Structure formats: structure tokens, C-alpha cells
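For reference, the chain that follows is the form predicted on its own, supplied as C-alpha cells.
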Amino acid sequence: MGELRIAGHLIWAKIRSEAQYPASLIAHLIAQVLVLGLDLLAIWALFLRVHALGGWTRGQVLGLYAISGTAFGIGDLFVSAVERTAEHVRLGTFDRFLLRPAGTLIQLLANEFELRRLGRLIQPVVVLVLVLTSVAVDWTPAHIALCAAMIVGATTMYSAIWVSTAALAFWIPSTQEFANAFTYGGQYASQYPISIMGEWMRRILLTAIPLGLVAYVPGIELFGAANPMGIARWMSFVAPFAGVPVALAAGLLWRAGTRHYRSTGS
């Protein structure tokens, strides 16, 4: 709790700093919302040509897009700054995180927090609200819990992937481009039903980078969507927790990386 309070103070200081330039902040937020609008426009244009995608209707695909985007936006706001680990290691500024009375990861995330990243969260949240109030979903207590678990599980998965790939910077410099292939690339792929993808991509999204487990698989149950892969129904309720072991592995990898780090003496 002490570390979280320290992180809270650092984040609040960053928010107040960015709030000093409201025009710049608003411009960044609007720009991110507009850029994300291109992905939404792509889905809309696609359904002008087809009536279903892998058996999923437009509303169901938009629901998958919104949940995946919301989870990614939360992770982007609070965790994606870990990508700057390589820069701190290269410049030797990672040393200062080792001197403070808090965990290095929490310090790094708080120190690099940027409120302008909120723009990536606004649009999918709006789409999510619109979809969940318009698409026919049987809102039983189990489905309400499943929807929440999908968002939390996907956020955990994205965050774990960010931390894991960033931790490689302790051994390999310049890992950000490599990390982006898994985070941004994985998020784009998880916006669509994975049943429409090739077998090798389906295996990646269900095993190696299991983003399909926290989005597509539970989405089948939540939206009552087509299930051409024949995934068992019980998997929909278990799959959102796939991010937990990935997060634990990410934590172990980060700790191993910090132990491997050699101070510059600065």
C-alpha cells in the first residue's frame, strides 16, 4: 500500500503538470479518438459488403472490438509506458529507480504516466456502452460477471505482454519495435473473430499470445455468437483468467531482469 501511495502521488503530479497545458492535452485526446475512428470505420465498411464475419454479426464484432479496445486503452494508460525501459537502461537513468523505497516497475509506470493516453480509451468505451445497450445480450448475473471478467482479463493480458517484452531490454537493447508486434498487433487481431484467420494465427492467439482466450472465446457466450471452432461453453467462463499466469510470468521475468541489470554508477 505504501508503494501504491507513492505511485499515486507521482501520477497526480504528472496529471497536474499536463493540465497546465489544456489545449495541448485536448488536441492529443482528439487526435487519438480520430485515429481510432479509422479502425471503427474499417469494420463498418466491411459490413457494407458482408452480412456476417465468421458467423458474427456487425453488432457482435463491434462488441468484440469495444471490449478489446477498452482493455487495451486501460493498459495503454497505466502500463504501456513500461516500453521506455530500454531507454532508461541505455541512458543509465534506471539507476534512480533502484534508489527509491518502492518497486522499480511501479516507479517506472508512475514516472512515465501520461494523461494524453486517455484518448485511446474514450472511443472504445463509448462504443462499448452503445453496443451493450443495443445488441441482444441475455444479461444474467453470470453474463454481467463474464463481461467484467473479459475487460479485466484482457487488460491483465495486455499489461503482462507489455511488461514481458519490456523486460527483455535488460538483456537486449531496442526491444520496443519487437514489443509493438505483440501488443498493438495482437490488439488489432483480437478485434475480429479469430475463426476467420488461418490455422497458424489461431494457434498463436490461443496459445503463444493468448489474446483470443480473453476476448473471442468468452465473447461467444456473452454475445451468443457463432462458434464454428466448436469451443466448449465452459471455456468461455474460464478463458478470461488466462491472463493471470501470463502476468505472474511477466513479474518473474521483470524481477530477473532487474537482478541482471548492471548499474552505471550514476
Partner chain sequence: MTQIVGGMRGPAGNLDAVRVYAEVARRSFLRHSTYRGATVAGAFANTVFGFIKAYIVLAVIAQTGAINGLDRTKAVTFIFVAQGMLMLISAFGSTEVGDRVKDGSIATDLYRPVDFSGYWLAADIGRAGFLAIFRGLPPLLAGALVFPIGLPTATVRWLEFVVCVTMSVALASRWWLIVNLVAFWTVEVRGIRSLGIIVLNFAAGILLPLQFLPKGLRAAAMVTPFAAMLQRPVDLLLGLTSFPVVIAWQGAWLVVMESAVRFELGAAVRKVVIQGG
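Computed from a predicted model, the values in this text were never measured in an experiment. Positions refer to the first chain, counted from 1.
The form predicted in complex with its partner chain exists for this protein as well; it is not shown, and the discussion that follows is about that form.
**Q** Report yes if any heavy atom of residue 174 sits within 4.5 Å of a heavy atom of its partner chain in the model of the complex; otherwise report no.
**A** Yes, residue 174 is a contact residue.
**Q** Using a 4.5 Å heavy atom cut-off, state whether residue 132 contacts its partner chain in the model of the complex.
**A** Because no heavy atom of residue 132 falls inside 4.5 Å of its partner chain in the model of the complex, the answer is no.
**Q** Heavy atom to heavy atom, is residue 44 within 4.5 Å of its partner chain in the model of the complex?
**A** Flag for residue 44 set to yes.
**Q** Test of understanding: in the model of the complex, would residue 228 fall inside 4.5 Å of its partner chain by heavy atoms?
**A** Residue 228: no contact with its partner chain in the model of the complex.
**Q** Quick one: in the model of the complex, does every one of 139, 203 and 248 get a heavy atom within 4.5 Å of its partner chain?
**A** Heavy-atom distance to its partner chain in the model of the complex: none of the three under 4.5 Å.
**Q** Just to be sure I understand the contacts: of 31, 238, 208, 232, which is the one whose heavy atoms reach within 4.5 angstroms of its partner chain in the model of the complex?
**A** That would be 31.
**Q** Since exactly one of 168, 128, 81, 189 fits, which has a heavy atom within 4.5 Å of its partner chain in the model of the complex?
**A** When its partner chain is considered in the model of the complex, the option within 4.5 Å is 189.
**Q** So which stretch, 147 to 155, 73 to 81, 178 to 186, 117 to 125, is the one near its partner chain in the model of the complex (non-hydrogen atoms, 4.5 Å)?
**A** Result for this chain: 178 to 186.
**Q** Which residues in 196 to 213 have a heavy atom within 4.5 Å of its partner chain in the model of the complex?
**A** The stretch touches the partner through 196, 197, 198, 200, 201.
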